[in-house]
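The data below hold one chain only, encoded as structure tokens and taken in the form predicted on its own.
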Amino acid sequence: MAQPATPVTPALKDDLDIVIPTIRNLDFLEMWRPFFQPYHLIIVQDGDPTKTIRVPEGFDYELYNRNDVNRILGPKASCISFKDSACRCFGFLVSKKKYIFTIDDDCFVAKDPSGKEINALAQHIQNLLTPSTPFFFNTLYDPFREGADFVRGYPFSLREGAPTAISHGLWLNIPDYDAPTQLVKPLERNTRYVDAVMTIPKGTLFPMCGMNLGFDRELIGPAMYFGLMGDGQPIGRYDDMWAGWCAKVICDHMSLGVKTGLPYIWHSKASNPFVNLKKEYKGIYWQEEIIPFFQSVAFPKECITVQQCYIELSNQVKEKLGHVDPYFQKLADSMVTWIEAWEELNPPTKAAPAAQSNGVKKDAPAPKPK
């Protein structure tokens, strides 16, 4: 007689939060139910705090709106963007889990070329739990994937790799284009499924997209600040880019790895390119100075934690980008405020290298009740 199958506990069930920024009912979760239901959700409601957001039955979640952000952070709430998906970083702040997966509410389950639904969360977990190879490029890409290894000529002294801090996923259907590219390629869709994960080499920047992203909160969490965007700011749609540039230079300094490639999600909706252009146009000019700035960032050897690196980075932003626009002076100040808020909600036990836990677990601030 067949015995009932032993239930399988999902990987990192008690060690990972899913953070979702939203302004609408979260009906999209129904598609993700087989993959997300075992995990805890942190929902950050943007926009009107009096609006009721419906969450499907059966999910374990906390929901925070702007009133909650103001109540929990007080004056420091000024560092959290309003009317922009950058508000998601508030969820990173109040989480007490080791890992974060964040996704946008217009992202659905994709299928691989065989037609099988992709468990994006499981792939992010695999990426984060296996080492990266930032110091020497492996031409078979991720050597820790099944069926791959280090190729001939790869130094044995580097084969242990480095801890993976960030797992950056991609998208089928609507590509993550800027407004000018959207305008000249309005019908373009990404149908290419590339079955690969690779480490972004040390010293190389990349455009990080926040809609399908996992990271180790204990390794790099304090650097995952999505900046000042949206309401009252001169720029938008650069929140994830800013966080990615900051996090990457700190990962390089701390000898941590960043992976990109799998998993894919299905990006269902193209945003309005004319609205996007109004948000992006200053950033399109500014990034021609921002990128050389980040390419030249260097940290003193005294910076041994992510928080110390981030404060140093804020000083360099103020000094070297302040001439571009007064916005960067304000942004640098908010970077400091962010770290102050991080340490207030995640008090360090002692000065420890960022590759170890920088915080202790405690009860989360009271969210809006379910």
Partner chain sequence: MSQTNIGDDEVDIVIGALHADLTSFLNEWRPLFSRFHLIIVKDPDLKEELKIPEGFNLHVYTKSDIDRVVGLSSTAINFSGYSCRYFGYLVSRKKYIFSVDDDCIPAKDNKGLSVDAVDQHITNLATPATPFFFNTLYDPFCKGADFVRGYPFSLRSGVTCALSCGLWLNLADHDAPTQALKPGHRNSRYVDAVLTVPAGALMPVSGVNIAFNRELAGPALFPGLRLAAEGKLRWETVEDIWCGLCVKVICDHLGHGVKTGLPYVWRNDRGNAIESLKKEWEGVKLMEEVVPFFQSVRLSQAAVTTEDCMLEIVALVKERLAALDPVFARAAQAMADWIKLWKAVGSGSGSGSSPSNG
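Quick caveat, the model's predicted, so the values are computed rather than measured. Numbering follows the first chain given and starts at 1.
Note that the form predicted together with the partner chain isn't included here; everything after this is about it.
Among the residues 260, 119, 268, 130, the one placing a heavy atom within 4.5 Å of the partner chain in the model of the complex is 260. The contact with the partner chain in the model of the complex, taken as any heavy atom within 4.5 Å, belongs to 209 out of 209, 125, 297, 109. The three marked residues, 146, 154 and 170, each reach the partner chain in the model of the complex, with a heavy atom inside 4.5 Å.
The stretch from 212 to 220, 73 to 81, 89 to 97, 154 to 162 that comes within 4.5 Å of the partner chain in the model of the complex, counting heavy atoms only, is 154 to 162. Though the partner is left out of this view, residue 204 does reach within 4.5 Å of the partner chain in the model of the complex, counting heavy atoms only.
Residue contact with the partner chain in the model of the complex: residue 186 places no heavy atom within 4.5 Å of it. Interface membership of residue 245, defined by any non-hydrogen atom within 4.5 Å of the partner chain in the model of the complex, is confirmed. Although the partner is absent here, residue 287 is a contact residue: one of its heavy atoms lies within 4.5 angstroms of the partner chain in the model of the complex. Scanning 178 to 198 for heavy atoms within 4.5 Å of the partner chain in the model of the complex gives 178, 180, 181, 185, 188, 189, 190, 192, 193, 194, 195, 196, 198 in sequence order.
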